[in-house]
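A single chain comes next, written as structure tokens; it is the form predicted on its own.
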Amino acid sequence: MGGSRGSYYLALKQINKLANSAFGLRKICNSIAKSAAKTVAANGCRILLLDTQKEYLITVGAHGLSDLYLRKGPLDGRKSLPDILEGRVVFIADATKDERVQHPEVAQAQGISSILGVPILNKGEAKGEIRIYTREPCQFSDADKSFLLSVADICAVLLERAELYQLVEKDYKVSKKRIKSAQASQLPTASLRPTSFAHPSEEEFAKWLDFYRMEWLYEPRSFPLQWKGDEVAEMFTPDFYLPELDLYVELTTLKQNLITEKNRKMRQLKELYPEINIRLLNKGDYLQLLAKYGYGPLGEAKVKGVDQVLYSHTQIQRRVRALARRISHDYAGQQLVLVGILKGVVCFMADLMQHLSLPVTLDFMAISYYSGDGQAVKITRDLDSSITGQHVLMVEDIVDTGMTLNYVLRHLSSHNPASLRVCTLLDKRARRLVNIPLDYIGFEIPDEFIVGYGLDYKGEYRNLPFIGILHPELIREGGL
């Protein structure tokens, strides 16, 4: 496929001119997609950008692809041609049969046959990708691939220049307040986050999800239900998709006629797409759903006094897995002793060790704080086993002033371990008094009182599945 060297040169010249034009980002990307597809004699092209969490791929430009194909569902970077985001050029000969294609059934329905994808790299890191589509099986030439990589280089400069918040603000018309909130919550910021909702119940549901840091996408996929010949006669678009639960949610009021119609569509959808997990919920139903996972008013006994959720259970688990991969790599071929201080580290320790791919042993210490004899910290429970000559990783739930950790590390060092490092889930650097090197850090947190995921206030809140900020008034009052 493709054209002559001259056609590649003229196309790159045109694309470079577009990239430096005064047009909006979406219009530029659409034009680049059109030029790229035409140059390699393809039927369609799509320019995709990774969201802020580097999980989902957002379409920022497209040409020659149907709206149904573009709205087929959230593209998960880990499931949809994942090799591209690892910096490789990927060719799919048959998109309807290749396991790397996330939605092969939609590709088949839309007549997509072959796909060529290249990464958009910035300083060696994938920021997005370009995909070329054909309706007939084909083989792309090396010249086609080189051309597309050159287009990707231009797109990298273009996307770097257009900061992500500007992309969201201009292309999706999200208010500055919502941008700030989305960045603070570390949730995906995409075209699937609307400026307005079709019904107040949807906005209310979204606010609940945002408070509890549950990831969500709005109307991410349309499911064809009926056809008239080759044309789709009826589609069903669920209101929300919750990646954490792999669940589509359709909200409804208690009006019987609406419930009846939505139940009909739900039955059809489940017959046509049995692999899809979807539920029809009214307000009482979704509050029960949240309560099932320890969230919401029905789980009030667990969240009373929590001012806001700082990190959701999903965010914590994702970060724990990343830490475990680093630790496993650094200690490859060695046996490791994990040491923790009871009781706050229990949740973190339990999850971390499950993801370590090396042999480990556990030991725990307990300490108390008092000043009767001038000693601020006292060890009330020491290690059960010797750590002399062992590789030791001190696992902490939170490090703030560093004074307690400094005392414990001096105690452990006196036992002459082969090595001694520190892994902490939370680093409250703003309160640091003793400068202690931390080798593995989960999150750097603000100077707030944190509870949940093992951390307590007067013995409460340890069992929360998330990490939250305790309401200041509660601390000032000194009670619940």
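The numbering used is simple: start at 1 and walk along the sequence shown. All values reported here derive from a predicted model rather than from experimental measurement.
The discussion below concerns the form predicted in complex with a small molecule, not included here.
- Judged by heavy atoms within 4.5 Å of the small molecule in the predicted complex, the contact stretch among the candidates 242-250, 385-393, 259-267, 402-410 is 402-410.
- For the options W216, Y212, F236, Y331, the residue carrying a heavy atom within 4.5 angstroms of the small molecule in the predicted complex is Y212.
- Here is the short version: of L121, L342, V377, L272, the single residue with a heavy atom within 4.5 Å of the small molecule in the predicted complex is L342.
- At least one heavy atom of Y369 is located within 4.5 Å of the small molecule in the predicted complex.
- Interface membership of L85, defined by any non-hydrogen atom within 4.5 Å of the small molecule in the predicted complex, is ruled out.
- Put simply, I398 is close to the small molecule in the predicted complex: some heavy atom of it is within 4.5 Å.
- Heavy atoms of H471 never reach within 4.5 Å of the small molecule in the predicted complex, leaving it off the interface.
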